[in-house]
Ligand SMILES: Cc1cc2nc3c(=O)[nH]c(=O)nc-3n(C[C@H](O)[C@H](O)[C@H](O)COP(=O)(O)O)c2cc1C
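This document starts with one chain, in the form predicted alone, laid out as structure tokens.
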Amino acid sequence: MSDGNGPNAFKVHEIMIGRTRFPSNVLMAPLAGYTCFPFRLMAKRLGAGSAYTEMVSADALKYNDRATSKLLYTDERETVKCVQLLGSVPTVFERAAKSDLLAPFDVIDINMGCPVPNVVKAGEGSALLEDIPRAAKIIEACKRSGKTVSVKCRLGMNGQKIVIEEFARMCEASGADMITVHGRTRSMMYDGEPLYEYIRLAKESVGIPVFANGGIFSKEDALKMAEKTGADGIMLGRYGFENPLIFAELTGHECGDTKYSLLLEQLELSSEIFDEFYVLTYIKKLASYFMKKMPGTKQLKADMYRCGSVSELRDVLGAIFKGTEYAD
């Protein structure tokens, strides 16, 4: 991906993160409720250098329940396995990072950016931006696993408390191999123009790779983000789920896929691994995202949500997508 103009034009390339080689520097962010194993495989097939698991509670790993096993499902088809952990206690992170459950994973990403109130109140996610000593101990704890460690964070809690320069330096000093900076403060949540200059400040403050995230909803947005920040790579969030074909567009990866063919592929793959209730829930969410810009789909979407079986859902998806630009 490059517009070919100027020294700051963004180039897609392989990149080493710690001891882990990523096939491209265009990544898919962890998204709670969305980046399951089938989706991660699809993103990588389309050109993503990697895709992270949904957010996993470091503390919850000790229970090894059914929900956690779904979040952590992986097999030999997934290369560069990346898991994201959420928590606030360094010893809990260390135990999780060294656990058998995370043994298959190459990279541990530490969530230090989630802005939702219940997470912040628990001292997790964005709250760690205000507790830099604790954040440092968490990174050090994860590094003791011997795995590659990345950190995903925001700029600060609000416009008066932007700490990204100090925070980035702490991440590097504590052993982090990479930082992904979401270009908004916690108080901005998911709205507003990213503050590109602060991502650039983080990049200029450290020697480890810095990836830029936030507000990317097109190839043009991705180029703008890369060029304004000088980041080593970009990480797509919600738009990667709305339009996974963006990975092929950004990386120049050749594929003959359409949104409809991707849905059918995801339906088959998820049916191999998960129970029917999970498959129905996941595919309905994915299809709803795919339908965002399709006119006249209100009734068809209602029909889709009434589907009670995989076979019924397959038929309805055909009725929705066949004959549209998303199936051609």
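For every residue, the number given is its place in the sequence shown, counted from 1. All figures in this text were calculated on a predicted structure; none of them were measured in a lab.
Just so it is clear, the following notes concern the form predicted together with this ligand, a form of the same protein that is not shown.
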Requested in this report: Name the residue from A176, A226, L236, I199 that puts a heavy atom within 4.5 Å of this ligand in the model of the complex.
Outcome: L236
Query raised in the report: Do A32 and this ligand come within 4.5 Å of each other in the model of the complex, heavy atoms counted?
Result: yes
Requested in this report: Mark D59 yes when one of its heavy atoms lies within 4.5 Å of a heavy atom of this ligand in the model of the complex, and no otherwise.
Outcome: no
Query raised in the report: Is there a non-hydrogen atom of E265 within 4.5 angstroms of a non-hydrogen atom of this ligand in the model of the complex?
Result: no
Query raised in the report: Using 4.5 Å between non-hydrogen atoms, is K147 touching this ligand in the model of the complex?
Result: no
Report summary line: Partner contact check in the model of the complex: of 178-186, 135-143, 99-107, 200-208, the stretch with a heavy atom within 4.5 Å of this ligand is 178-186
Query raised in the report: Though the partner is not shown here, which residues of 206-222 have a heavy atom within 4.5 Å of this ligand in the model of the complex?
Result: N213, G214, G215, I216, F217
